[in-house]
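What follows is one chain in structure tokens, specifically the form predicted on its own.
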């Protein structure tokens, strides 16, 4: 992959009406659940980024007939829970942590052996968090030393047993992995999380006719349970726009004077709207319009106009609900008046990059007063020293896009290195950001 750079001119006012690409989490799961359902599943609004395509290819490798994607349309001929076939070679997950961790759950229940591999960045990410609970259920799995890819899953002659798993960290991927393995278990499988995380897997399993019971144990802890051995039934899924992609545009409109922007058909899953709550606490002018429901998922148009922002201490109960949006929230904090403090977000250090350190370095490079802490950051906003900067994105798409938005209030041009990965989650990002009023050139 050649080095792609973004060259961002300072300034701009954000205006217009746009629709961002489909939700990545739901795109992944529409393929996974459609493949192991009985009957045909049709998908519209599928995100044709590299990550979701890695999931799609894996199921093709296991013998599932899939047509598309064609302008976001995909047709999946489901093979049922037990109809997957042994792939001929290791399945390459590219850069996708979601594909790897969720697929591990489904593969643990198969009666064949297989292997998952990934690119350099994915091969550094922790997999013990999913292999531990799967091993407790009776799965046989080998990883590289240190619990990373490649991951070999030995399915022959295995039966998975029921488990009541208490997650050591709030992670939707770990919870989903346990529940998906639970489809193949002989009895009830439960996952209890220390704080609520996104619940697309539970909602979509219910949407495919497979009952998942979720209950709140106390103020923070959530428990989800299902009974192994049921079946999923194919259905139609219209994928809502990804709130994580919309977040860059919400942030852009929030920090640019005179802006007025509508983002259409955005997924409003209550486990994902932390970004909206945090922006509102900072004083952003956001209205949700045209609320409706699509396949068990709430959807709305987000209307955002400029308003002066102030720094806040971000409530820890919102951290898990906005975990992917912090790179761009740090950029918003840099434009807000006063101090913003984030704590309780150590999870950010093991994403595609160490997002705390990388974002602190990037903000400091453009003259922002940002101090990284072990579990978050302290940003003194509203002050910026002018300086031209070349930013390292560390192969992390969200860093590249967040620092693009930083150009709105930057004092001089910003060049962001190594942006090819933006294609994995948001292939039309630069076109859209230029359409609404920024000046970004791809080199």
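For clarity, every value in this text was computed on a predicted model and none was experimentally measured. Residue numbers count along the first chain shown, from 1.
Missing here is the form predicted in complex with shikimate-3-phosphate; even so, the following discussion is about that form.
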message: Does shikimate-3-phosphate, in the predicted complex, lie within 4.5 angstroms of each residue among 25, 171 and 351, using heavy atoms as the measure?
response: yes
- request: Please check if residue 323 has a heavy atom lying within 4.5 Å of any heavy atom of shikimate-3-phosphate in the predicted complex.
  value: yes
- prompt: Taking heavy atoms only, is residue 335 within 4.5 angstroms of shikimate-3-phosphate in the predicted complex?
  reply: no
- prompt: Though only this chain appears here, would residue 95 touch shikimate-3-phosphate in the predicted complex if you measure heavy atom gaps against 4.5 Å?
  reply: no
- request: Please determine, with the chain shown alone, which of 70-78, 279-287, 323-331, 132-140 has non-hydrogen atoms within 4.5 Å of shikimate-3-phosphate in the predicted complex.
  value: 323-331
query: Are there residues in 188-223 with a heavy atom within 4.5 Å of shikimate-3-phosphate in the predicted complex, and which are they, in order?
result: 198
